[in-house]
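Have a look below at one chain only, the form predicted alone, in structure tokens format.
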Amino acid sequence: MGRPLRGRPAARGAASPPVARGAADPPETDNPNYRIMKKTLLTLAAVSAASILAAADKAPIELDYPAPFLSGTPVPIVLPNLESPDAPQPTVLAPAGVSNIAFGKEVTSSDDFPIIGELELVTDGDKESEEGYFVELAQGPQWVQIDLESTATIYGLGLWHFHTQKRAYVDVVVQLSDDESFESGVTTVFNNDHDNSLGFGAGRDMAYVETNKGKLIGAKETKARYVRLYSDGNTSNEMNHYVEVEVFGEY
């Protein structure tokens, strides 16, 4: 029986030299990168918690729809950016108690002499679509503008162009500003002008078929006094129409 081989014991950790750890390494709490990362994480957590609490205090805006009423012969709707007629309204959140602050407010327009109706119809609270309930503006690009009388936080808008016939309005752009002339401080909250006909940039929002349900548009909690809405005719004719515009916000 041979004697066991003796020799120097195998070096531990030879394949992986031990990592030096000693007085040269600062504790993690003294490491500047660690402190920055910790501060960032705490900030993100606080922002997330605040967002959750803020969202919990809000509820979806629900539009009140007028009764559906269709008449006339339907005209084919052909637009390259038309959304499905079954597309649901977007979810737009607002604090409880937020109401339509556009009701009864003054309306001006690029067309001072409407062909049918009066500009006051845009904010009179009546959403019926027969003659006598809408204003018709001249052909070509036109706008209506609502003066909210002072700056408000705007959460969303409800828009009815015309809904006794299924049609889609062209180049619908909605902008908000504190500048009555809309030359500065302009926020665009909706733009389906896909080919930039109006010159505000090509819009990515979809064109949509008018129904009694109108269109709900989110306003990103923009602070503004004036609301301006553009269009450039529709798929049935070259005229521009407005039945009602609602602005959900608070002062």
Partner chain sequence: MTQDSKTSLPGAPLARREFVKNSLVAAGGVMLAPAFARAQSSPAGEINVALVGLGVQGRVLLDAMLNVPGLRFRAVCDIWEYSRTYGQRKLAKEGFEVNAYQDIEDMLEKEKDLDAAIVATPDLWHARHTNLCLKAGLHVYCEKMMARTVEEARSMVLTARETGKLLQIGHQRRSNPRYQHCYNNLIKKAKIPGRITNLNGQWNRAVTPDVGWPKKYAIDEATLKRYGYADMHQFRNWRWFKDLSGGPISDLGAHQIDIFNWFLDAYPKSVFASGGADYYPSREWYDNVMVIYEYDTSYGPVRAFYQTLTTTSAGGGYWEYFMGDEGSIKFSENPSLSKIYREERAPSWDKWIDLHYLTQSEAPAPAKDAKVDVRETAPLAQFDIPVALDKPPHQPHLENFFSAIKGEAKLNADGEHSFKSEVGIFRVNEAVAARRVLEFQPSDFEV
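From a predicted model like this one, the values you see are computed outputs, not experimental measurements. Numbering follows the first chain given and starts at 1.
Below: the form predicted together with its partner chain, not depicted.
In short, of 116 to 124, 153 to 161, 98 to 106, 85 to 93 it is 116 to 124 that has heavy atoms within 4.5 Å of its partner chain in the predicted complex. Checking Glu136, Asp147, Glu128, Asp178 for any heavy atom within 4.5 Å of its partner chain in the predicted complex turns up a single hit: Glu136. Contact check for Tyr242: every heavy atom lies farther than 4.5 Å from its partner chain in the predicted complex. When contacts are judged by a 4.5 Å heavy atom cut-off, Ser110 counts as touching its partner chain in the predicted complex. When its partner chain is considered in the predicted complex, Phe200 lines it closely, a heavy atom lying within 4.5 Å.
Heavy atoms of Pro80 never reach within 4.5 Å of its partner chain in the predicted complex, leaving it off the interface.
Residues are counted as partner-facing when one of their heavy atoms sits within 4.5 Å of its partner chain in the predicted complex; in 216 to 234 these are Arg228, Tyr230, in sequence order.
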